[in-house]
Each structure stands twice: as structure tokens, then as C-alpha cells.
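Below you'll find only one chain, the form predicted alone, shown as C-alpha cells.
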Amino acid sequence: MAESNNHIDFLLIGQGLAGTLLAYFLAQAGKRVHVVDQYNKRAATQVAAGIINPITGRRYVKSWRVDELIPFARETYHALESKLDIAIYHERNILRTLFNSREENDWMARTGEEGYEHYMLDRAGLKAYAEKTVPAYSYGEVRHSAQVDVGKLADAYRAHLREQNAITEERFDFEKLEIQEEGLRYGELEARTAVFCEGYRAKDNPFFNYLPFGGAKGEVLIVRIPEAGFEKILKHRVFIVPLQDSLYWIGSTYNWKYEDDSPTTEGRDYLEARLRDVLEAPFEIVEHRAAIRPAVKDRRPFLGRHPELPQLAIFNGLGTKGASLGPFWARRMADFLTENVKLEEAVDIGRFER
């Protein structure tokens, strides 16, 4: 590494979605960034579908801050598409299965509420799904939803970092970290601040393991459904998410108890059975993937500096809504780190005592 690259502003540990987005916004702010990350095909970013869903839960409520999050996410992903010459942001409505008259009535009632008409349709357009899936009692349809190829984004940004000589591809070694009076050193690198974006591995971080991290293992299938022609996302026992070349993401399981991040026979059997319950078209399982999602007690991200070591910071906890939460809070984290803009209490790690 050239000597001129040894002195940086920020050392980022982890290059999943959180690390990728934060690196992008810090670079946009004119800061010198270096990433330390060992590629892992079972990282949550590589396995996730990247669904942006403004209406969630059994009560069909708007996701937290969705009116701000979705426009900003769309703008950010389009900017990254231009920068990296990739296509990752796909606007896709979500068809949501309604299983009985109560659910249908609840859906219809919600569509009439102020602020919901922007996202919810009272009449769903089934198109190809009508002929190739088992009919449900009824359906609702969600607008302004999307699917983001977060794994493709991380891979493309990694290639960009390589070109900039701005990534060390190894697992971070805490023994090599030297905290100094006004900065830190990691091997030959000297930085003002290290930001940990490690996903679920943060539970083993000696500086931030006091935070209430959890981990939820998820398993998914990548299947080929020839001639299906599905363009929307279907939520019917499982998610069926269009990818490309007649491939679809099927998921996911959600397990709090797990031994490792490897795919399991039980997970595959569960997903295949659910898909057969829904799909009337033949399909082929191409791949079975698994990953551990970073989960947070109060379902809000972790942003902030260490309470005793301000040279260390954390940006983590995006969880299952990472595709929508990530851009907005990565920008806020970058503003906090570069301009000392105050963090909102809802995401500041100061809400938890060390």
C-alpha cells in the first residue's frame, strides 16, 4: 500500500449493506475511507432479498418513518446505480394474501385512512399470479415497494474499493487495533475513527457487546420457475420475489435458536413445502442459502460513538428492513461523524447504558 493511503479519516469494519452505504456517504463528504472485511457468501447482505415494504404486519400499518425512508432510499440507490454502472433498484408492487373476510375488511378500512391511500390499493391486479398460484380468499396490493439487489450492490462497491486501494480483505483482528490519544492504528493504517459495521458479529465485539444484540437465522431458496412471468412480489405464506432469468427468491424462515449459519434440511423442507402450497407451476430449486440477521431489541438501528472511547463508533442493527432503513440512517451517521450533527434519540446508542 502506498504511504499516502496509510493516513485516512475513517476505518470501516464490515462491508455489508451498512458498511457499503456508510462508505459511500463518507466518500461523498470528501473523507478518506478504508474498509476491512472478509467476504462471506453467508453474510446477511448476500442472502437478503432487499425488499422495501411500506405496509407491514397483521394490522397493515405503515413502516416506521416510511414517508422519509422510501424517497431517500430510491434516490440513493439510483445514484449508486449511476456511479457503479449497475441496475439494483426494481420498483415492484407487493401482492398480499388476505385469508378471510376479517382480513379483507381490515385491509379495506386501512386503505381509507389518511396517509395510507398513497401506498395501498383496494383492488389487486393478479396478472400472471392468477393462473399459476393457488387462489386465496382475497388480495391487497402495496405500491411504492421495491426489491433492491443488495448483494449485487455490495459486490460492485467492493470492486470500486479495490480500484481505490481502499479495502483490506481479511477478518478484522482486534489484537492489531491500537487506540491512541486522538485516533487509532490498525496495522499500517492510521485513522481518526473506526466504525464497526459488522452485522450480527458485533455481539462478539469487545467494545460494543454491551448493546442488546440478537441474531435471527433466516434460510431462503433461489428457484427457477420457467415461463412464470411474475413481475410483482407475492406474500402468500412465503415471499416470492422476482430476480432475473426466471429466478425467484423464496423466503424466509426466522429462527432465534441456531447452531451456525449453515443451511439446514429442515429449512429447505419448510420452504419447499410452503412454496408447493402456493405455486401451481413447476419449479426447480437452484440454491439454498442461509444467513444470520443482526436483530435489535427495540427494532431500531445502532448509531453512535463509544461512550468512553470516542475514537470508536458503530453503525449496525438495520435488520430485516435494511434496504429501506440503510440509506437514510447511513447518511445521518455520516453527518454525525463528519459534521457532529446530533443523532436522534431513537437510534443513538446512548439510549442503552454501558
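Numbering starts at 1 and runs along the sequence shown. Only a predicted model underlies this, so the values are computations on that prediction, with no experimental measurement involved.
Only in words, not in the display: the form predicted in complex with a small molecule, which the text now covers.
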I'd like to know if I13 sits close to the small molecule in the predicted bound form, meaning any non-hydrogen atom pair within 4.5 angstroms. yes
Could you confirm whether V220 comes within 4.5 Å of the small molecule in the predicted bound form, counting heavy atoms only? yes
Non-hydrogen atom contact Q28 with the small molecule in the predicted bound form at 4.5 angstroms: no
Spell out, yes or no, whether the shortest heavy atom distance between W249 and the small molecule in the predicted bound form is within 4.5 Å. yes
Identify which of V36, I70, I55, L303 has a heavy atom within 4.5 Å of the small molecule in the predicted bound form; exactly one of them does. V36
Could you tell me which of 100-108, 132-140, 86-94, 196-204 sits within 4.5 Å of the small molecule in the predicted bound form, going by non-hydrogen atoms? 196-204
Has each of L211, M333 and R351 got a heavy atom lying within 4.5 angstroms of the small molecule in the predicted bound form? no
